[in-house]
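The form predicted on its own is given below as one chain in structure tokens.
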């Protein structure tokens, strides 16, 4: 675990495609912020989520960032970040953390990931740099403790978060089918999806 500078701001970095963001994402962010007493959690919008290459089409980063802005607008302590969009190219957490340290070297950063991402941590691009530049936080479902690969530096911090059965893929399908998004995404996100005409079947 990185050494914490005196009086450092404690900032969570919660990266994702957010296509679209939903209440499950917000539950993770607010609960980790509370559990670890973070000053702020950044919902970091991936520019080019390379893991999804050849899997599915991803909405433009500008649209996804707008959705995240709508999602966090009324939530204290959460903020949308376009840093990875500004950096351009494929989004790697090591690059993101390095850029954050350049902007504010006095902050302490916490990289927040779900169990699946944590279990594959040793396959991440420059995973040792991620561990050196941040405290690693794995989100556990109630009653389930994840045992991810241990980094060379530091160890994982575990935070239990209520599990909400919401997925971005289901939400995209709901929009395409004309089904409601009520109680699955913030109303502001639903309005932004409608305004931008996202996830609709071509010609509909």
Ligand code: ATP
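Keep in mind that this is a model prediction, so the values were computed, not measured. Residue numbers count along the first chain shown, from 1.
This protein has a second form, the form predicted in complex with this ligand, left out of what is shown; the following refers to that one.
ask   = Could you tell me if residue 168 has a non-hydrogen atom within 4.5 Å of this ligand in the model of the complex?
value = Heavy-atom contact with this ligand at 4.5 Å: present for residue 168.
query = With a 4.5 Å heavy atom cut-off, would you call residue 90 a contact of this ligand in the model of the complex?
reply = The answer is no: residue 90 has no heavy atom within 4.5 Å of this ligand.
ask   = Taking heavy atoms and a 4.5 Å cut-off, does residue 117 contact this ligand in the model of the complex?
value = Judged by the heavy-atom cut-off of 4.5 Å, residue 117 is in contact with this ligand in the model of the complex.
task = Indicate whether this ligand has at least one heavy atom within 4.5 Å of a heavy atom of residue 16 in the model of the complex.
result = Within the cut-off, so yes.
inquiry  = Just to confirm, with a 4.5 Å cut-off on non-hydrogen atoms, which of 34, 56, 147, 179 contacts this ligand in the model of the complex?
reply    = Filtering the options by heavy-atom distance leaves 56.
message = Only one of 139, 70, 38, 43 gets a heavy atom within 4.5 Å of this ligand in the model of the complex. Which one?
response = Flagged contact: 139.
ask   = Has each of 113, 164 and 172 got a heavy atom lying within 4.5 angstroms of this ligand in the model of the complex?
value = The answer is yes; 113, 164 and 172 each reach this ligand.
task = Pull the contact list for 16-48: residues with a heavy atom within 4.5 Å of this ligand in the model of the complex, in sequence order.
result = Those in contact are 16, 17, 18, 22, 24, 25, 28.
Outcome for the Cα pair residue 143, residue 25 in the model of the complex, compared with this form (closer or farther; change of 3 Å or more) = Closer in the model of the complex, by 3 Å or more.
ask   = Closer or farther: the CA pair residue 37/residue 144 in the model of the complex, versus this form, with a change of 3 Å or more?
value = Relative to this form, farther apart in the model of the complex.
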